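For reference, the chain that follows is the form predicted alone, supplied as structure tokens.
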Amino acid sequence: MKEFSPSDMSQGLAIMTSGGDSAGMNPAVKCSVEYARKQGFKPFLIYDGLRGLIDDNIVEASRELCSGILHRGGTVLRSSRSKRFFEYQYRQQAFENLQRRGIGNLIVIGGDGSFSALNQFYADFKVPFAGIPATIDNDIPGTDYCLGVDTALNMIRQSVDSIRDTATSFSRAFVIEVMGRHCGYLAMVSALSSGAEICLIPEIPYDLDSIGARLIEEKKNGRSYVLAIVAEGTRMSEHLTRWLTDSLNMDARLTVLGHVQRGGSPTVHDRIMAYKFAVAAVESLKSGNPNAIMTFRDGSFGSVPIETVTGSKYKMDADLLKLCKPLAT
């Protein structure tokens, strides 16, 4: 079977979203289609992520399909996780679907798991791809920002501000659990930006005795309510709620924000970042860069090899960790 190569690069370019959804995916899809068309590519859309790639759920990207999606949260292309993609026979089936349409380039909007899957696909069939980082955890190595983070933080901010109204009205303690199984970025930034008294994340050791002593002293000086932001990965939300009741003698309540954090219309920041990432992805493919991940570092856009993402561990911003540490002790 003939493999694609940069020397006979097909003008077909397909865009897909994969992994967890995040606001900003739809603007990235729209801009990728429009910019690819301007650069001479024939754009296609892959629905249902890796599953759609296997099942041939691929259509030409008409203007109608990309109209009116800029303001929508989630992904109109839908997403999925596919165990079948780990099997060579199904990857070959996916390749044949692309080959039949003359698609020789892919843009995948998602996280490191999606990038790894497409990297294996490249190793098998030499179909170049460009990755656009999109995950609300903001935990992809090599880039300071991932699509959807700003929108998720604003969704959390709105919820925390509303909860604060009740906390102050009834002199209560509220524990607010946010997403983040392995990364506490959302919890940390939300705690700092909302003025929370407690923040528990996987990256910082916590000391409840120290926190208790601090808050008891603050209560003596007039504190009437407490806000605690907890990353789900700590598995401390319920325990902390009971601890606040027992240790501070306060009526404590737990609010789990859950998937509300993923939704919502993309913020202006996420829309602009989506456009810039999309342009960088198309340019990367146009230049013959076969398997690069788009990045935003120190205020500039660029790219890194897929190995940088799959071969390294994400490191939290040291300055943010330093600011957040007092909220865990």
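Note that residue numbering begins at 1 and tracks the sequence as displayed. All of these numbers come straight from a predicted model, not from anything done at the bench.
What comes next is about the form predicted together with a small molecule, which is not displayed.
Novice: Since exactly one of R81, R235, R157, R242 fits, which has a heavy atom within 4.5 Å of the small molecule in the model of the complex?
Specialist: Partner contact (heavy atom, 4.5 Å) among the options: R81.
Novice: Taking the small molecule in the model of the complex as the reference, which of M179, V189, C146, V175 has a non-hydrogen atom within 4.5 Å?
Specialist: Checked against the cut-off, the match is M179.
Novice: So which of 193-201, 129-137, 221-229, 98-106 is the stretch with heavy atoms within 4.5 Å of the small molecule in the model of the complex?
Specialist: Contact criterion met by 129-137 only.
Novice: Does the 4.5 Å heavy atom contact test between K286 and the small molecule in the model of the complex come out positive?
Specialist: Heavy-atom contact with the small molecule at 4.5 Å: absent for K286.
Novice: Does the small molecule come within 4.5 Å of any heavy atom of R262 in the model of the complex?
Specialist: R262: yes, in contact with the small molecule in the model of the complex.
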